[in-house]
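Quick setup: one chain, the form predicted on its own, written in structure tokens, and binding and motion questions come after.
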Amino acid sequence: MATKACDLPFRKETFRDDFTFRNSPETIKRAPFPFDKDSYMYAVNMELHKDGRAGTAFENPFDVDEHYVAEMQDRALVLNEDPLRCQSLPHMKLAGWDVLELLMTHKASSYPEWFSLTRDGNQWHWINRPMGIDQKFTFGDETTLPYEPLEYITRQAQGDFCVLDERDGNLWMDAGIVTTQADWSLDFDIGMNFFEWHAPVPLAHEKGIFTRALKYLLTIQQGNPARRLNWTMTVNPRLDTSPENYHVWGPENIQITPENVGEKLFLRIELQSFWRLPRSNAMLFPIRCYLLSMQDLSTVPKWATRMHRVLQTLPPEIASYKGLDGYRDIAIEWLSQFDNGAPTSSGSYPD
């Protein structure tokens, strides 16, 4: 059942073809900039997902911003083209209901003007005003929803979502919806364990980073989520940079020039969080993507300066893995105009 969408502050924009995506000044400043130092350091960088600083992407457990409706429209296009971007192995059905409950309750609590959830036993009533959705259903009965519970709620939530089953002292990627990824494939990774799906990452394995990260993740308890920030670079504000569509976005990587780097090269930030689910004991791994162009960064002097210094100190293997082949020097040169050599303030928030 649908209801009329409210007149809400969400942009009409695209992440493909004509690329009309833009960030407002407010959205730029609230982004989770991933560097807290002036040089690059490879680390686990895990912390409790409890900051809640007002006016930032951490204010609420699951962030909703001005790009919400457009991102959900782009997700629907991807799933229509390739339904395998959403998969769930048979033993993960209960985890799907866990995810639905977690996202619905947090969205209704954090954004009551946009979402509401009413529960009477197993009879639930969900309203999503930005997307014009009014759905009554029976919790636990997937025949009362238009999709399986995991797909239903993640078609209404920004970012990708992996659901990890815990067994044999490891985490296994056994379900998920992945349409905004940085060059990796759910269809390829599904059923893999933590070390297998991280195998392509350079340098980290020999430093023991993933062994430490897994040990930490396995200790996460319900109600105490954790988070970390990751990043890469991408050309154009394209959400779907999947291996399946490399023939579409790959050729764009040679389009960067000194004249267009400011508007066409984007820092792709991933706010990753980790949630223990109550019934299934699975781990929900949301990966929320934020896109900031180099021009966006230039409006926050501290970030432009720091980005310049981080790119200069990247090991070659990391620079390649982060998607900088062919235009790292162009980006460094462009950003140099914002770096006067003065020290920056501590932390990652704008001054």
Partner chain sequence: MSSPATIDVIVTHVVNVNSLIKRFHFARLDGQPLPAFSGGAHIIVEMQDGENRRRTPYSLMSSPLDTDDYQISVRRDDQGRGGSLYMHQQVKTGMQMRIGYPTNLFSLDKRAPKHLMFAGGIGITPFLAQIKQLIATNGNFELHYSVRNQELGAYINELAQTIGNRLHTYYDDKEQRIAFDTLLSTQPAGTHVYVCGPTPMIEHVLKRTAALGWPKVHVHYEHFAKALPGEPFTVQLQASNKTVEVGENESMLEAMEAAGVDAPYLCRGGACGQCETNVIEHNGTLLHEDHWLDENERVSGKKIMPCVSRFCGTQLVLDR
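All figures in this text were calculated on a predicted structure; none of them were measured in a lab. Positions refer to the first chain, counted from 1.
What comes next is about the form predicted together with the partner chain, which is not displayed.
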item	value
Contact test, all of N230, E263 and R328, partner the partner chain in the predicted complex, heavy atom 4.5 Å	no
Among the candidates T234, S273, Q181, S280, the residue which, in the predicted complex, approaches the partner chain to within 4.5 Å (heavy atoms)	S280
Among the candidates Q123, Q73, N170, N224, the residue which, in the predicted complex, approaches the partner chain to within 4.5 Å (heavy atoms)	N224
Contact flag, K215 vs the partner chain in the predicted complex, heavy atom cut 4.5 Å	yes
Close approach of L48 to the partner chain in the predicted complex, 4.5 Å, heavy atom	yes
Contact test in the predicted complex: D165 vs the partner chain, heavy atoms, 4.5 Å	yes
I127: touches the partner chain in the predicted complex, heavy atom cutoff 4.5 angstroms	no
Location of the partner chain contact in the predicted complex, chosen stretch of 255-263, 107-115, 91-99, 143-151 [non-hydrogen atom, 4.5 Å]	91-99
